[in-house]
Every structure is written in structure tokens, then in C-alpha cells.
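Have a look below at one chain only, the form predicted on its own, in C-alpha cells format.
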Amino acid sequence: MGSEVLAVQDLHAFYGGSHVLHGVDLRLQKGELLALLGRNGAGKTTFINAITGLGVRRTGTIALNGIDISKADPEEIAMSGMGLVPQGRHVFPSLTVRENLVIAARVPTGHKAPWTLERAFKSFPRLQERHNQNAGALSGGEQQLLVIARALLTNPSVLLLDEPSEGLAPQMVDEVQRIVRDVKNEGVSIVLVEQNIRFALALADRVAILNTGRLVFAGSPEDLRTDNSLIDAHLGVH
């Protein structure tokens, strides 16, 4: 870790007339996993939508690998190296597993170990077993694996994961956690948005908390684990 890959400064975001994010500052270092926590409605998904250019009006500065993407559209942001695993999975249900992956694959530049279709199938054996099945026929957990693999095939420098454990059986949560840890250990920088605090803290290098669109905490997982008043005030669970 060391060099900064994502720098967000004074980010405000609006849905119509609603002011949702209020001056959020966040930094992500190369190879780091930053867990972004908060209650429902705290602004976590709005933050993801704002930095990927999806459906919100925004002000402030967003830099990806030192390049200002504040005014870029979603396609430009994706091509610049931002990979997204959206909340709710969003597979292409009538396409096969293989077709879902191939449609996203991008020739990498500067990757020592790029993600290819072959590598994805090796890393996600469940997907290889089902490569000819339509994605709509997969279980929820398998669809989540597919969307993660699809994002990795864009060979991103920053991977955004929006609630990847949501609605999954415990065994599949463990599988997703293992995959995210492996991806992080390979040097991909990750922003993990989660409601499952245990899941997030098991993976995080740093933690940030949003409350009503404002950044109210940034620190280490250990700082958060040992401060029950902070957890009660902003997350409501232990």
C-alpha cells in the first residue's frame, strides 16, 4: 500500500431537490480495502452512484489514479479503471454465464496477472460448472459470484462492492468473503459498502461511517470494535 488510487473531496450529491451527501472526503490507497458503513438511508449507495456517475447530480472532486473524473460519464469512469458490483446483482438473465462474462471482458493494460475468462472460471468453479446455464436460473448466491467475476474481468484498479453479502445464505457469505479477500491480496483496491459489520470488519484495512450523508468516522477496524458508543450512535448494532 502507499500510492493513492481514489481521492474524493468535498463530494455533495443530489437526487432532484434532495441534498443527500454533504461534503464527503475519502481516500483509498493502492491495495487497500476501505469498508463504508452506515444505517439504511445513510448515503452509502448514493456515494457509490456519485463516484460512478450514475443517476445523481454531484459537486466536488473525484480523482481516479490521479485523473480528474468529476465531470466524466459512467462509461468513461468505467473505462478509466472503476469496476462496480451493484446492489441487487443485476445479471443479464437471458444470457448464459459465459456470455455475461464475455460481454464485460476488457483487454487489460499494465496488469501482471490480468483477469481473463479462463482465470475467472478457475477462481469461480461454480460458474465454470454452470457456464452454459442462463444467468437467470442461478441461485442468488451464484448470481452474486457472477457479478463479482464480471466486474473483475474489466480488470479494474478500483473495485466498488455495494452490499455483496445482502440476502445470501451463511455458506455463500463465507464464499464471497473468501473471494473478496483473495482479490484484495492480489493488490486490487476496494471500497466495500456493507450492512453486515462482521463481514466488513473481517476484511477492512480502514473503516468509514456515513450518517445522514455526512462522514462521521474514519479510522481502523480496531478503533471501531472497541468503541461501542460509536457503534450504537451510527450503526445501531454490535
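Since this is a predicted model, take the numbers as computed values, not measurements. All residue numbers are counted from 1 along the displayed sequence.
Only in words, not in the display: the form predicted together with a small molecule, which the text now covers.
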Where, among 32-40, 171-179, 59-67, 196-204, do residues come within 4.5 Å of the small molecule in the predicted complex by heavy atom distance? 32-40
Which one of S123, S80, N134, Q87 is close to the small molecule in the predicted complex, taking close to mean a heavy atom within 4.5 Å? Q87
Taking 4.5 angstroms as the cut-off for heavy atoms, does L224 touch the small molecule in the predicted complex? no
Is there a heavy atom of L215 lying 4.5 Å or less from a heavy atom of the small molecule in the predicted complex? no
Within 4.5 Å, heavy atoms only: does T52 come near the small molecule in the predicted complex? no
With heavy atoms only and a cut-off of 4.5 Å, decide whether V20 touches the small molecule in the predicted complex. yes
